[in-house]
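Heads up, the chain shows up twice below as structure tokens, two forms, tagged structure 1 and structure 2.
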Structure 1
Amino acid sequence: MTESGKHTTREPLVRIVKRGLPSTGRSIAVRAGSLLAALLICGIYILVVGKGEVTIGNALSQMWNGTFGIPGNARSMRIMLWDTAIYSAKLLCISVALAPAFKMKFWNIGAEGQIIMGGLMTAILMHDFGSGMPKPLLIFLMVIVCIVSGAIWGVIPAVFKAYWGTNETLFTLMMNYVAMKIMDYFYNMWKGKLSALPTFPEQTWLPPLFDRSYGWNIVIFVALAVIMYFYLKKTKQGYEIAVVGDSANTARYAGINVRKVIIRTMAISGAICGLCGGLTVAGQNHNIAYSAEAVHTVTSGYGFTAIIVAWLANFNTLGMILIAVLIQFLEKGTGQLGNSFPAFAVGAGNVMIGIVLFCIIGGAFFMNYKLVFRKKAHPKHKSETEVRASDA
């Protein structure tokens, strides 16, 4: 407190200041620097954990083989490339579904539940009506029912948010567990006394494309990424989503029906998640699984991983394609690394995933913000109190 009785506030040592819009050059430089930093840290980590028995080259080679196959081995490359393609496309589809909701600042954490409901409704048709219905009609109904069920599961929290201002993060998160328990009920009922639920009859599967029943999944999921890009960038509804995300009050002032935009956008987000679940059941898994099973589940846990993909791509659905492949490279590559080298078998490979994501997220942070440190006070800029104290 000064002699005049006024309080003085001391400037903090470090302040976070928002930058202006990043230029293309700075954006490229920051992202490239983030990847280089991630590679450097991962290289050091590999040398430390491998204790000299694993070189950086060997580790990267095994990660490549586990994701894209062994170079020169046609069979290995074919198997691994298709496997990476379907899981990357699935992760991409869910990320695309989250993009409009997140751009609107509606934090849809309920993708898992929306996927499950789409997959479950498709499974009910396959299980109960698959043998007595013409296949074209069955496929048509499966597509419709998975889209509608996912949309309904997304609209429920949207209505509560639009009319009563509920917290969409908690609401959508809790609905995931409701969907899981509903799926568990049908799984246990169909399984009966069997050790596991058998796959649904082959006549209920999607017709093959590229000699694979999940070929349609890859084509449709990638097409959705392109369509959503133009929807968000070039349409009136995409513009309304952006305005509501920037400021709901500004949107209202501009004559935009905010409630309508929230409900419509979440219907689209839930519908795409539901379609992902339905096509996963009909084209890939041909089954549903108990929610506690880690393998061959309808969602594969991607409802949460997709949040990272959508955020890292800054809601650009075309950019999500590369990021989805990168996430698959990290997941499958570190799995192969653990199989090849015992030192990386017990969760050590997952640390590399964390390192890469941490560096990428850190780069995105410094692209939009900067740290400003407190400057030392110059002697000739002393406060009045300091001057009087020195004179005394």
Structure 2
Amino acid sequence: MTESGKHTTREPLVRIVKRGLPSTGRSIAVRAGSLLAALLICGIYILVVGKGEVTIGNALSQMWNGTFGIPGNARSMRIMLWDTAIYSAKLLCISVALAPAFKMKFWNIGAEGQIIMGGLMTAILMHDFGSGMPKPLLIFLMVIVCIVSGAIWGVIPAVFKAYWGTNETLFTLMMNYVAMKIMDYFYNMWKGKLSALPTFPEQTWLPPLFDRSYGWNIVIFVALAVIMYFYLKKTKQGYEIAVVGDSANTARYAGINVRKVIIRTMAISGAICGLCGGLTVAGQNHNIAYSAEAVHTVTSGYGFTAIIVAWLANFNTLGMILIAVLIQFLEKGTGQLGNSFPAFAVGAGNVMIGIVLFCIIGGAFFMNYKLVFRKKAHPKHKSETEVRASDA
């Protein structure tokens, strides 16, 4: 920022200085500050759009009702809480899947595709082999197949990255759409002349838990978050991931086989995504989806949302639980807001989610950097910062 050579003695008004690792206290303070800023901007937005008829408290209580149910109304609370639980768990699972890859600085933005491939292979089993097989065998095969196919879809870009340095962000992004079109093929083929694809026969569904066919999904998804926490923090493989992420060269000098770590980690990442897709098809949707519809019901678009969740939680898979619920609150809450107030019916939800995300993303700056303002010049007493500035 000292591009003007004439003024080298004059320190810029604001300088950016890197800080050490953020302490827990600072992390919490920064997050809270970001959320407050987001609340403020969203509040102004709500007041302007609602033309003063919608107060912020009113809007927040609508959002609360849409996510956690109307307080005191047991039925509404039961419906809403279960719904929030399964979608949060699904978002959590995908974020957990992305955590090891991101920690390795491998930008897997192909979770959508990996989920879809897992879901699709499970669906093929349910559709074509569902009736001719004993149920335990069928479920065993479904789980294996979705894990393997998700892993394969994740390993393909990893191999090219490991051996030829192919840009993984763009590769995984493109793989998403290939997967979507393959699923479209099966959707249209099975649908035939019907107006929509009917759900698969009930004998192929996952066995219910808590009276819900997606009960197991919630349990497995949350368990994965706990397992991944220990995998990343306490195991040798988790440590290798961290080293490769910090510096591939350091890892190489330390004797870590970087190629192996990249491929193995992406296999894990893809496998969890695939499992999520398989369980969603078998336990929750009992169906596959068509990509041209507004929301892809197999992935719910979470392959992309999870990227944001994983990054915001700083790869801490337990912290992801909180963020996944926050995103659910925003998504479902703004949906309810749109139902209650027509001014918010279309698009307003995404605008508010965007504002909150921008605030959190931008706020993270203050975790790693601080601003140093120019001090009043004391001719006799040259401060350390001034010396450094004139050196630069």
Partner chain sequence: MLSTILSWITRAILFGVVIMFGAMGETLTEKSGNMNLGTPGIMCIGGAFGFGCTYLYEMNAQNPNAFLSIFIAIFCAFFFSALAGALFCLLTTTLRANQNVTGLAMTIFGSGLAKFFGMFIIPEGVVTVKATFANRLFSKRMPVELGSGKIATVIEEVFFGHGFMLYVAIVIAIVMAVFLKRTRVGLNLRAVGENSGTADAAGINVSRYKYLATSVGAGIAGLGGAYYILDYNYGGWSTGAAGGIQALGWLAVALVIFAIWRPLNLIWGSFLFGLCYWLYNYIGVFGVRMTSAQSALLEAIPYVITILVLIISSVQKKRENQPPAALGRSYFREDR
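Heads up, when I say rigid core I mean the largest set of C-alphas that superpose within 1.5 Å between the two forms. Just so it is clear, the model here is predicted, and its values are computed rather than measured. Along the sequence of structure 1, residues get numbers from 1 upward.
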Working through the pair one at a time, identify the form predicted alone and give its number. 1
Between structure 1 and structure 2, C-alpha offset at Val17 (rigid core aligned, Å): 2.8
